[in-house]
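First comes one chain, alone, set out as structure tokens in the form predicted alone.
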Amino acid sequence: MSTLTAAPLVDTEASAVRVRDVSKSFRTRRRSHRAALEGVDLDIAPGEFLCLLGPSGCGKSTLLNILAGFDFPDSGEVLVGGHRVTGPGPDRGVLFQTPRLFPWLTTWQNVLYGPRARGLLTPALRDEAAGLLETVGLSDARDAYPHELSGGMRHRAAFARVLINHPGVLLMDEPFGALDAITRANLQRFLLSLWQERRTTIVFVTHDVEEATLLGDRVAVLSGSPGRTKSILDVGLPRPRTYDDTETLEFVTAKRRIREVLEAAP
């Protein structure tokens, strides 16, 4: 039987993502400062699927925005691929809770937007885009506009648009949080299959213990506000995983342990 344990240390020299002593505060309307993150440390290995788990307001999305280069820490260091993060870049793909598709572009045009904007559109990339649409099951929706797609289809189109840029790290901010249970389960299956095939490094923000247990290699649990690195746990369940694994004793045991750490006093 697999058991959930404290995760082993990652080789920091080979880290895909390195976060060192990161703190971040925001100014409130009353001109006081609210601490969102305090002294956060993380090392994420290449090809690892890390889930960020914690209560609302613990700074999960703030940390993801810092990794994406949309925001900057007040102190500390953030490296992706060995380089300091100074802003957004194609080396990091970002997926949000609501897919950010351009409503005036078709699925095909949305997928090719990044390469076209950077002047990199080639016949080979067009062929790759066609292959990605087949991978995400949207070949028949190539000429459809976002409003003509279901919620799950829009998410899969957003996946294809990110993957065409070959990001080294995929940053996901509760991407399935607003979906119905069936669509959410289908996209979790899709993501597991996609990760198993490509082994892209993924940082996945969630507040759902079962989702973190199903998807992650490790789970980084953040404390309440301000967010601190409370614990990093090795899920310890074998790969590949399927949704049927959620009914096994090993899965239930792992999920219970993560919940106990999450609910324990900071």
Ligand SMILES: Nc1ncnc2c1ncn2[C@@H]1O[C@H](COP(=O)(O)OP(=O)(O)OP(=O)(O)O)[C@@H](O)[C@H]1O
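All residue numbers are counted from 1 along the displayed sequence. Just so it is clear, the structure is predicted and the values come from calculations on it, not from any experiment.
What comes next is about the form predicted together with the ligand, which does not appear here.
If the cut-off is 4.5 angstroms on heavy atoms, which of these, Val221, Leu42, Leu214, Cys58, is the one near the ligand in the predicted bound form? It is Cys58 that has a heavy atom within 4.5 Å of the partner.
Proximity to the ligand in the predicted bound form (heavy atom, within 4.5 Å), stretch among 42-50, 195-203, 61-69, 231-239:
Heavy-atom contact with the partner occurs in 61-69.
Would you please decide whether Ala36 lies within 4.5 angstroms of the ligand in the predicted bound form, comparing each non-hydrogen atom pair? Heavy-atom contact with the ligand at 4.5 Å: present for Ala36.
Checklist entry - Does Glu174 make contact with the ligand in the predicted bound form, using a 4.5 Å heavy atom cut-off? => result Contact with the ligand, yes.
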